[in-house]
Structure formats: C-alpha cells, structure tokens
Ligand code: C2E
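Just one chain is shown here, as structure tokens, and it is the form predicted alone.
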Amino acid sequence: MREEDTLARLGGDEFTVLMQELEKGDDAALLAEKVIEVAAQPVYIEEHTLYVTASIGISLYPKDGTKSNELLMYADNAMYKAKEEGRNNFQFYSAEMTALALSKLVMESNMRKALENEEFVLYYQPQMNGTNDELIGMEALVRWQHPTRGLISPAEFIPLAEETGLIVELDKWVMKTAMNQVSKWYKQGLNPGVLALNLAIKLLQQKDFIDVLKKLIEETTCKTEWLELEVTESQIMTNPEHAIAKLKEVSDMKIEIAIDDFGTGYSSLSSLKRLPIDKLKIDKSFINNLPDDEEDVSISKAIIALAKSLNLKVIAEGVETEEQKTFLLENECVNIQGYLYSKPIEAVDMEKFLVKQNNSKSV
C-alpha cells in the first residue's frame, strides 16, 4: 500500500482499503492482485501450515457513487461476486451486481413466506436395481410452487437457502413430509424401499440435530431402516472431523448414510475410510458422457472399484440411456437413478409407480 492509502477492519474477516488520488481506476486492480498474492503465502503456526485466500470487491468514486455508504455497499456486492466466481480473485462493481443483490433479498423474503404458507412440494425419483428393474428406494426432492412464477427449480433457491441459513428449516420440513409419506405407503402395503433424504451440512451442524431427527422418526412412525441420509462430499470436507462425529451418531441409529455427488469434493482416502458411510453416489457429471468419454469411463470405474474395496454400495445418478445402463451393469454398478426409469414425480404419481411395481411382482 501507498502512504496515502488507508486500511480499516470493518469486522469479522472483512477489511476495507481506501485508495485516494488514483490516476485511473484500473490501478486499484494492481493493489488487489498484490493483496491476493501476499495472502496466499503459507502461515506457519506450531506444526500447522495454514493458507488464506482473499476475495476482493472494488468500487470507484465518482463512477459508481459519491457517498461513502454507497461505495462501501457496492464494493461489498463486488466482493460477494468474487466469492461466487470461486474466491481468491477480485471483481469491479457493476450495476448488474446491485440488481442481483436486490433480487436475492426479494427471493429470501419470498422463501420465508413460502415456508409459512407451505408453498414447497416434494417430488420423488425412483432408485432401481438395473438387473431386474425393481424399485429399491427413492430420493425426495423439493420444489417451490410459487403462486405467481409457478414451479421454481431447486438450482435457483437451494444455494440461497444455504447462504441465508433457511436451509435448516426447509430440510426439517422436507424430512418430516417425506417420512410421513413413506410411512403411509408402508401402511398401505406398498414397498417404497429406502427413502433418501438430502441433508444440508448446516442442519447436521445444529447442536440439537440428533434430537430433532429422533423426534421426527417418532412423530412420523418412520422406521430407521427405511431411511438414508445423503450428504454431499464437498460439504463434508468443509469440516470433516465434526461431520464424522455427527454421522457416527446417525449411523448408530441404524440409518444409512450416502455420499452424494461423489468424485467432485476432493475428499482424501484417509477421511473417507473414517466416515461411517454405506453408499457412494456417482455424480451425474461423470455419467453424462458414458460410455464414449474415456475420462468419465476411468473415473466411474475407479469409484465403483473404490466402493467395492471399502465394502460400500454404489449408485449412479443421472442415468438417461440404455448405453449408460449397460456400461454400469457391466462394471458391477447395479443401482441406478435417472430419467431412464423416471423423472422426479409428485407423490400421487409415485404411488401409481409403487402400485405398478407391486402388481408386476404379483404376476
């Protein structure tokens, strides 16, 4: 930094640099690059080596605003854009960023109302045994039935729910609703198999999570052997020690645990073998181009072999073609989920699917 520059700590891990008398706005990028470079140097504390990344947002006077609070807000918007772009980079403010920030605020407000007004609905996607085409279970997937926009994809609202913490209440609602539904189907004499529920890491990290889970099981009369909790590999790796401890408690309840999106989260084998998991779920990004893409073939085979060596089940998601199914069966991955069998469907259609399965078994 130059002598005329000012460095201030706003709070937490957020800092502000005020640069005065710049010849041109692009010069701010030079300092941003230096900050990122310096922050990237390893920090040695006793036996630990720590690494820090910097996400930087830049706003310019008077181009972006003339008031200090405006410039701070705009730089903050740009900083979050830097985080969205993968962190460890800088972004200049643009008007589009404010529009995006405002739309997020509106979406968050609407989501809170949606939870109160029960606008969310559950869809179910069958999970099948590819060797005999019999149902082994289903995954519960949440959708938002917005009163004016119609059905909103989870890709649009789940990231925001995770960012704001609303994912905790949303996940609780999903678990209770799906567990009630599966219990109802079993009481009707149908066989929905194992219910796979996506578990957000923020819910897992709640101190009372195990108590909440036990209460839900009691209220819905859902047996633990009917349940499977799916946790994404990348989320587990944010704090593996804590995740391992909590998941062991879940496993002790005789609830199966699956690692979702496996192959995308960079978990170490040492962490993986310590996790009390029962199943690996091959991410659909590795399934899309099977059996033609050599890299996807190699990765899929490696995940299947890893699961086998660790005595874990394995399931492939996103299976859409007979060629993909054939490849997976030939390589000993018999559990399949995807459009080849069914897209995610509402409970009423899932019930018809279950009745059809029962009837085919009877014949």
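Computed from a predicted model, the values in this text were never measured in an experiment. When you see a residue number, it is the position in the sequence shown, counting from 1.
Omitted from view is the form predicted together with the ligand, to which the following refers.
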| said: Looking at heavy atoms inside 4.5 Å, which stretch does the ligand contact in the predicted complex, given the options 193-201, 246-254, 67-75, 212-220? | reply: 193-201
| task | Answer yes or no: in the predicted complex, does the ligand come within 4.5 Å of a heavy atom in every one of N180, E228 and K352? | result | no
| remark: Of S109, S153, T131, T238, the only residue with a heavy atom within 4.5 Å of the ligand in the predicted complex is S153
| query | Of these, K284, H146, K83, K176, which has a heavy atom no more than 4.5 Å from the ligand in the predicted complex? | reply | K284
| query | Can you check whether L141 is within 4.5 Å of the ligand in the predicted complex, heavy atom basis? | reply | yes
| Given that the partner is absent here, does D296 sit within 4.5 Å of the ligand in the predicted complex, heavy atoms only? | no
| request: Verify the contact flag for Q91: yes if a non-hydrogen atom of it lies within 4.5 Å of a non-hydrogen atom of the ligand in the predicted complex, no if not. | output: no
| Heavy atoms within 4.5 Å of the ligand in the predicted complex: does I158 have any? | yes
| Even though the chain is shown alone, can you say which residues of 320-352 have a heavy atom within 4.5 Å of the ligand in the predicted complex? | E320, G338, Y339, P344
